[in-house]
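The form predicted alone is given below as one chain in C-alpha cells.
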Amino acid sequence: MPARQHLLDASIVHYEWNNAIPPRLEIDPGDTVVFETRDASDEFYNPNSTHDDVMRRVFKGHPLTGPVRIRGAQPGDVLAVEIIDIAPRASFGWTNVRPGRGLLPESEFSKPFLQIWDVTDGRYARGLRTMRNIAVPLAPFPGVMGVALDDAGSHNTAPPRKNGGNMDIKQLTAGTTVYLPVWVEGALFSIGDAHGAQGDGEVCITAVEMNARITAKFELLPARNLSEPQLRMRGAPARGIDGPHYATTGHGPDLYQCARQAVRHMIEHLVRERGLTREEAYILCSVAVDLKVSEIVDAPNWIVSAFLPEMVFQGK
C-alpha cells in the first residue's frame, strides 16, 4: 500500500500519558501525519492577556494531539519520527514567569509576568507591548512528543520519561529524526507543546509557547531495543547563530547552582547594559540563552556558561 498523509486536528486532546486512551488514528509505517496542536496553556492566553492572567491559569497537563496507533509496532521496536515541518498556527506566542516555577526561586521573582510575542512572519518572535526592540529567531520544535508507557494508569506529562515526553530538546526541529522505544503494541504516539524558540535550559520554565501545525513521517525499526530516546539531526544544530554573543559563567561543585548563578549574572548584565527589567531579562534568558556545561572534570568546581546571541537586539 502506498504511503499516505493524514490530518489530525486539535479538536480533541489528552492531558496525560495513559496506555488506555484509545487511538484517534491508525497509520502504516511510511505514512505522514499533519498534527494540529494547542499551546501549553491549552489556548488560555490571547494577545490581550495580562500579567494577572498568569496566576489564573490552571495547568492540568500538556494538551497532546493523539494517540496515533502504528500498525505492526511491538514492544522492543523503535518508532522513527522524522519532523518534516513545524509552523505557527496562530499569530502570537507567549512566555510567562510564574513565582515558584523555573530555575530561579520565588524570592527572586515574586510577581507573575507575561510576555506576548508576534510570530506572524514565521521568522522571528517579536515583542508585543513590552520588549519591542527584541526579535528572537524562530526555530520551532515540539516540546512534548512520545509513545505510551507500559505502566498502566495516568502519568503526568511534565517530566521527560523513557517514552520521550516533555524533553524540550530544541534540536527537534524540521529535519531531525527522533527514535522512540516502543513500550506497548501500536506505540500510541502523541505530540504537542510546540515551542517557537527556546534557549537550552528553558530557565523560566516556558519558551515561546505557541499553537502549531507539525508534519511528521513515521517508520518502524523492528527489535532495536532502545532504553531511552535518541535523535539524528540532518544538518547544523537548531538556530545556529553566527555573530556576537555575550556569555556569563557560574562556577562551583553543584551544576544546578552553577546554572542558577550563570543565569543570575546574565540577568544582571541585561538589566545593566540593555535596560531590561529583571522579568524581561529572565524571559529573554529562557527563550534565547543557551546554557552549556563547559567543564566538569576539574574538581572541586565545574563551570556552566550562559550564551546570548546579541543579534536579538537588532530588531530584524
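Residue indices: 1-based, along the sequence shown. Keep in mind that this is a model prediction, so the values were computed, not measured.
Just so you know, the form predicted together with another copy of the chain exists too; it's not on screen, but the next bit is about it.
Trainee: Tell me which stretch of 98-106, 127-135, 209-217, 82-90 has a heavy atom within 4.5 angstroms of another copy of the chain in the model of the complex.
Mentor: The contacting stretch here is 98-106.
Trainee: So in the model of the complex, does Leu114 come within 4.5 Å of another copy of the chain, heavy atom to heavy atom?
Mentor: Contact with another copy of the chain, no.
Trainee: Taking 4.5 angstroms as the cut-off for heavy atoms, does Thr173 touch another copy of the chain in the model of the complex?
Mentor: Residue-level check for Thr173: no, no contact with another copy of the chain.
Trainee: Might Pro229 be said to contact another copy of the chain in the model of the complex, defining contact as any heavy atom within 4.5 Å?
Mentor: Contact check for Pro229: yes, within 4.5 Å of another copy of the chain in the model of the complex.
Trainee: Is there a heavy atom of Arg57 no more than 4.5 Å from a heavy atom of another copy of the chain in the model of the complex?
Mentor: Arg57: no contact with another copy of the chain in the model of the complex.
Trainee: Is every one of Val13, Tyr15 and Ser154 within 4.5 Å of another copy of the chain in the model of the complex, counting heavy atoms?
Mentor: Answer is no for this spot.
Trainee: At a 4.5 angstroms cut-off on non-hydrogen atoms, which residues of 242-261 are near another copy of the chain in the model of the complex? List them in order.
Mentor: Asp242, Gly243, Pro244, His245, Tyr246, Ala247, Thr248, Thr249, Gly250, His251, Leu255, Tyr256, Ala259, Gln261 sit within 4.5 Å of the partner.
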